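Here are two versions of the same chain, shown separately as structure tokens and labelled structure 1 and structure 2.
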Structure 1
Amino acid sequence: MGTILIVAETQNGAIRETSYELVTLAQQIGGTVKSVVIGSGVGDLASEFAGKGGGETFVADDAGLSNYNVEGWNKAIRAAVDAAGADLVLISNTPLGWDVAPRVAAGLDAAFVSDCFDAKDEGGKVVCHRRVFNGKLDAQLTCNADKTVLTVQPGAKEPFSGSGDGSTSALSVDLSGVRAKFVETKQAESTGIDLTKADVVVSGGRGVGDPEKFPEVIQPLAEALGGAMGASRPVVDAGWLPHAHQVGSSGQVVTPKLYIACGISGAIQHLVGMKASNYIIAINKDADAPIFEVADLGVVADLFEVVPALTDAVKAAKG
């Protein structure tokens, strides 16, 4: 591989951990690693990233880039691709990446693959992997274009924690013609739930089957254990529970002492949000469900038989 450009993302005044995961992937692919940090007043963050694996790091620092907008970011990334002479662009598969990466790829007439969890260089071509059919199959894709843009699943690689000989250089971006304007950031309403602080998380998935079963079956076990109730994304997408309950790549990343997954298949996007839990119990009636690969204790059974019985047993044990 020639040159790989990492688009390092910032959030709340820090480089996001997913950007360091991109460093790990770039090093695995092999080639010259360069990066770009975009924003206003981001010089120090760029220096930090350059010294931690980002390599030669371009700093697109402009008041017009102080808040994300897709047109400005597209222009900055395109300028960095030109300055770096990049063959491959790596962007995290975050909401920012979902928004800007297809536009960058279209502008470059590049091959584009979203939501990859792995990639390598095979004879100068990027060969990448992504999950399809709800995580049941892995697709291997070979990119046949001069340039390639990939978005990479958060959590797919360990974040790079070493150091490197990086440097920074200012990148000027022509923001004329940008029509999108930042208006405001709206915080989601607080629901009072903070899954990230719970010692025990009991989560329900699509297998729970009915919104009314969450307060009837999942919540009582969470309460008996003094924990909080989580959920997989389909549960939240269906409006059965608010987003604050969602565990996974587009929800909360949790690391409780005990995580109980009820009727959750174990798609990679869910696993990245809970696999670092200290002890994982999975209850699923499908013995082949991928959740069992990360479970310390697997129960192949109907959750409606096991969970209420477990709740009763916990209550009895507590007296």
Structure 2
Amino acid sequence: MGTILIVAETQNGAIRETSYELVTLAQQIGGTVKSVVIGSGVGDLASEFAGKGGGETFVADDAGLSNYNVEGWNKAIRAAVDAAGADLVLISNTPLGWDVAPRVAAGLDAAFVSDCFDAKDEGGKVVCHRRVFNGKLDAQLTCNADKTVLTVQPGAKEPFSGSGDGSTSALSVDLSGVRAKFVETKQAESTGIDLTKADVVVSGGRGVGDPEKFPEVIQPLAEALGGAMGASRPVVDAGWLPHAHQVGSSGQVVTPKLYIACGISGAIQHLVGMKASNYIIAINKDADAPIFEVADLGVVADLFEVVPALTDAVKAAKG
């Protein structure tokens, strides 16, 4: 593998942990690691990242990049690819990555693979691994293009915690012609649900079947245990529950004493949000569901038989 360019993200004045996960993956793949940090007043952050595995780090520091917009970031990343002579571009599979990565790949006429959880170099070609069919199968894809752009699932790798020789250099970005501009960030109204503070979280997935089953089956168990009700991303995307209930990389990261996953297959983005729980119980009729890989206790059964019985047992035990 030649040169790998890591696109580091910042949030609340710091480099996001997902960017250090990209460092781990880049070192696993092998080759020369370089990075780019984009924003305004990000010189110190770039220096920090360069010294923690980012290698030669380009600093795209411009007032026009102080807030994310897809056209500006596309230009900055393209400029960094040229400056680095990069063969492979790694971007976190975050909302920012979902937006900009396909545009970068199209502009470079590069191969593009999203949602990767692993990648390696085989004979100079990038071989990527991603889950398909709602996490039931793993796909292996070999990229034959001269350049490749990957988005990588947050949590797929441990964040790099070491140090390394790195340097920074200014990157000039021509922002002329950029039509998109940042307007404002809107914060969703609080619903009073804070899964991050719950000692017990009972979550339902697409296997619950329909939205009416959540208040009938999932919520009673959560209430009996004195906990909160969560959900997987497909449930929220379908409009069955508000986003405040979502557990995962694009929802809330929870670390309760007890996490019960009901009808959740276990896509990586969900596992990221709950795998640090103290004790995990998974209930799923699919014995091959990935959720069982992180569960302390797995129950292969129909959730509509197990969960109500468990709710009744909890109530009886509490008197």
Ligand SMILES: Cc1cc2nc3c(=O)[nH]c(=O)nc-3n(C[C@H](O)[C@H](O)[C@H](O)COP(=O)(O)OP(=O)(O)OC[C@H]3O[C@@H](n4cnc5c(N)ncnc54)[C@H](O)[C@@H]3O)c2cc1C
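Start at 1 and count along the sequence of structure 1; that gives the residue numbers used here. Only the largest set of C-alpha atoms that superpose within 1.5 Å between the two forms is called the rigid core. In this text, all values refer to a predicted model and were calculated from it rather than measured experimentally.
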Determine, for this pair of isolated chain forms, which one is the form predicted in complex with the ligand.
1
After the core is overlaid between structure 1 and structure 2, has the C-alpha of Leu25 moved by 2 angstroms or more?
no
At a 2 Å cut-off on C-alpha positions, does Arg78 qualify as shifted between structure 1 and structure 2 after fitting the rigid core?
no
Displaced residue check between structure 1 and structure 2: Thr10, CA, 2 Å or over, core reference:
no
What does the CA of Val306 shift by between structure 1 and structure 2 after fitting on the core? Give it in Å to one decimal.
3.7
